[in-house]
Ligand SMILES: Cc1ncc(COP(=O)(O)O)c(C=O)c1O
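Listed next as structure tokens is one chain, alone, in the form predicted on its own.
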Amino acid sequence: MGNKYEEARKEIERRISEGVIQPGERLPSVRKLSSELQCSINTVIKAYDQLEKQHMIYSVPKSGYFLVGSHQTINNSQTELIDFSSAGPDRSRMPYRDYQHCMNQAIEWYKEEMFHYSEPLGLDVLRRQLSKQLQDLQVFAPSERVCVVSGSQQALDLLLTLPFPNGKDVICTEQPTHPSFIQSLTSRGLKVRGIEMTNKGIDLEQLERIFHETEVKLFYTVSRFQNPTGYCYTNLEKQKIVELAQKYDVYILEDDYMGDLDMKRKADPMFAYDPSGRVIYTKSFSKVLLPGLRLGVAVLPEVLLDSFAKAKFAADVHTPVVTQGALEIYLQSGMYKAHIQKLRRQYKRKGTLLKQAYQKHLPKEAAFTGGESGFYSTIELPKRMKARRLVNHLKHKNVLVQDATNMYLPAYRKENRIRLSVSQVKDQNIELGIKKISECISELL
């Protein structure tokens, strides 16, 4: 079987290298490929298993094998597609098999709960586990205030329309911010004030003026690895923002979706500076676990628990029990903690490579933000250059980046910013990609 196995593996690699199989596409089924290559099913399985160990492909239970990442190698490195536009987690690093075991256990352990509707705010056992887990992020709250949501975006969307104790109705948000939050704001026709996010953060004096002059209900902020800029607030900045919120009776909606990846162990969330309920804390497991699970958590003040539970019930009754149970098992087992430690090292390395490439290649007419992690960063182009034009120009160079125009509210829109993520870019391609981007900027200038 040895020679047949090698032949099967080389044939799969040939199809990948020649672009017959595209990134994210499903590979031929084991049975189909064994028929095509006239070899046994076990031979194909062995070949697929070897390629999976090399992180070239990954398996999805009951669905088959898929090509990892967004990198298409045709003949040589010069024609490889470098994808800075995909901002999802690195598929080769996701714990599919570990989580599969947890899902199987959850189906058995929580089978009784599957025969009736669950609590809108989540399984008690998971809420207790999350309360314990959040302590590692300096978020100390009883399980009664911890709510399980179908992705943190659900919590954000529901909170925007709930009445708050301060009786105000204006939402203040960083500009730019992620498109899904922009969509929530614009689709609901809410009153909004923006505050510019630069490579130095936000202007706290301007924030105070907004709080003083406007009936701000809540200030939405991504406190670490902001999307799209990648900016991380310092502890002092977080503390000052909380003090302003206390002074002007404003709630803070802190989206800490990637707090787990912060290598600075002394970095605190804003929640740590006012755990009483002034700061509403949310996080997601999408960027560090499996996006398709749609699991997140929100820590709410007691005064909002009842209205939030009713809104959650109206939205989806409750988050699926099996996925909740699997997360509880995954957290309890210690697998999540081990997984996060690996991701921290990976994204810190990617962030360092990105920052070095910016400093080495980016022309002086452009500026960058971020670089603390491998997830988000932006390049601000010269004002006369449209991001859309650069995006289209780079496609011909086999480099993909995202136009950040739709990450602004209409009144604050800028058209000269692109977003990058290196989460799915090979380490050795980061500098090459930034060099190509820098060359294209110079060409267009």
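All of these numbers come straight from a predicted model, not from anything done at the bench. Start at 1 with the first residue shown and count on from there.
The next section is about a form of this same protein that is not shown, the form predicted in complex with the ligand.
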Exercise for the section: Name the stretch: of 340-348, 159-167, 127-135, 252-260, exactly one has residues whose heavy atoms fall within 4.5 Å of the ligand in the predicted bound form. Expected result: 252-260
Exercise for the section: Look up in the predicted bound form whether residue 145 has a non-hydrogen atom within 4.5 angstroms of the ligand, and give yes or no. Expected result: no
Practice task
With heavy atoms only and a cut-off of 4.5 Å, decide whether residue 184 touches the ligand in the predicted bound form.
Solution key: no
Handout entry: Heavy atom of residue 361 within 4.5 Å of the ligand in the predicted bound form
Key = no
Handout entry: residue 227, heavy atom within 4.5 angstroms of the ligand in the predicted bound form
Key = yes
Practice task
Taking 4.5 Å between heavy atoms as the contact cutoff, choose which of 193, 278, 294, 355 touches the ligand in the predicted bound form.
Solution key: 294
Completion exercise
None of 89, 371, 151, 301 but one has a heavy atom within 4.5 Å of the ligand in the predicted bound form; the exception is 151
Exercise for the section: Within 4.5 Å of the ligand in the predicted bound form, which residues of 268-287 have a heavy atom? Give them in sequence order, or say none. Expected result: 284, 286, 287
